[in-house]
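In the block that follows, a single chain appears as structure tokens, in the form predicted on its own.
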């Protein structure tokens, strides 16, 4: 059994290597003669068998009308080769932006088709991990196929190869391509709260300003992008005073730190999950928080932008984040 499977494995590796050289990892793929393939579909072989039988019938009975029909069907088949290939030729495919999700959630990844020709591209299929989507691209227009991917690991999602194909217009020929596209899809660690709490107090002294809690009202200051909606002074905004932010006095003199060293004794992935859950908790409370990871520090702050930076650092650990 093993001796029989070895040639198949070698053939698959050879085809995979050839495919990697012909269609490497790219930001976007423009379909052309180099990366498009075409072959008769199952219905195409049936069509050719019927044409052959018609030709045999015309030859045996020396019937010119039957022979003419056979030649006409052959001409239709040949012309369909060009029209099916042209349905994909010139299209551009890229991966669109997607919102990050937590590990275990479903990630939605848009695939963006763009056509610069003046004709419709009908019945273009996208197949990925058992999913199949069909789009029609208008003349000089765009279309989107939305992939839904179940996530299991944190970090940047490697999309892998996507199968794009068409059988338009007659369904007798199958034109396809296997683009390998770079994606900017990020998966955060799964939120798993733990009893171990982050460190705060003397370690944060002098490193960042005092944290802001939701205790006693301290005053108003200029609004900053990313501040939670509950912190905006809506009454003053409605009175025409502009966007202002409500500040509060914190009970603690120092900000909260989400510290890698506070989660000793548990596996790396469990640490990251616990730190992720802690960050979400601090953001919901409206409390200032910072991050300490080996090789990475984020000064205490709060708001959507700060939370995204912190979760990104946790998602791509041990790589350093680029902000």
Partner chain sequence: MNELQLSRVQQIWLMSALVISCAPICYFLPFWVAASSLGAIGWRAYLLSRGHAEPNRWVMFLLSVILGLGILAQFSPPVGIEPMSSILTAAAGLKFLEMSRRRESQLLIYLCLFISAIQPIFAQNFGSFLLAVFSIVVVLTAQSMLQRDTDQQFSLFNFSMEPIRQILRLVAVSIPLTLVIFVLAPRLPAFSVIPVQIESATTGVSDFMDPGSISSLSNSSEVAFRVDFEAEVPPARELYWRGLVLDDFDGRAWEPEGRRWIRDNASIIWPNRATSFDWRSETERYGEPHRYTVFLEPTQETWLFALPAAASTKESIGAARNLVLTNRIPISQPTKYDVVSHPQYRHQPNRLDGPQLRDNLDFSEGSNPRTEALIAEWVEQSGSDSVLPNLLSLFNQEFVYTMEPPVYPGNAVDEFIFDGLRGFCEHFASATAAILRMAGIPARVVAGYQGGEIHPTEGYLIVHQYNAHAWVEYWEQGVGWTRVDPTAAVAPDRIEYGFEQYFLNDDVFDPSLFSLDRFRGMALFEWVRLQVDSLNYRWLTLVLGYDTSIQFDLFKRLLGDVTPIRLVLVLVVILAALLAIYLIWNRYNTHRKLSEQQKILRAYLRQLRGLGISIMPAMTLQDILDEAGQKFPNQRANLANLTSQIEQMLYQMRSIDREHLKREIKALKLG
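Keep in mind it's a predicted model, so treat the numbers as computed, not measured. Residue numbers count along the first chain shown, from 1.
Only in words, not in the display: the form predicted together with the partner chain, which the text now covers.
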Partner-free chain; cross-checking the partner chain in the model of the complex, the single residue of 109, 172, 143, 180 with a heavy atom within 4.5 Å is 172
Candidate spot 79, 123 and 168, all three touching the partner chain in the model of the complex (heavy atom, 4.5 Å) = yes
Might residue 75 be said to contact the partner chain in the model of the complex, defining contact as any heavy atom within 4.5 Å?
-> yes
Using 4.5 Å between non-hydrogen atoms, is residue 285 touching the partner chain in the model of the complex?
-> no
Quick one: is residue 66 in contact with the partner chain in the model of the complex, heavy atoms, 4.5 Å cut-off?
-> yes
May I ask you to state whether residue 59 is within 4.5 Å of the partner chain in the model of the complex, using heavy atom distances?
-> yes
Given 110-118, 95-103, 148-156, 185-193, the stretch touching the partner chain in the model of the complex at heavy atoms within 4.5 Å is 110-118
Taking only heavy atoms into account, state which residues of 32-53 are within 4.5 Å of the partner chain in the model of the complex, ordered by sequence.
-> 43, 46, 47, 50, 53
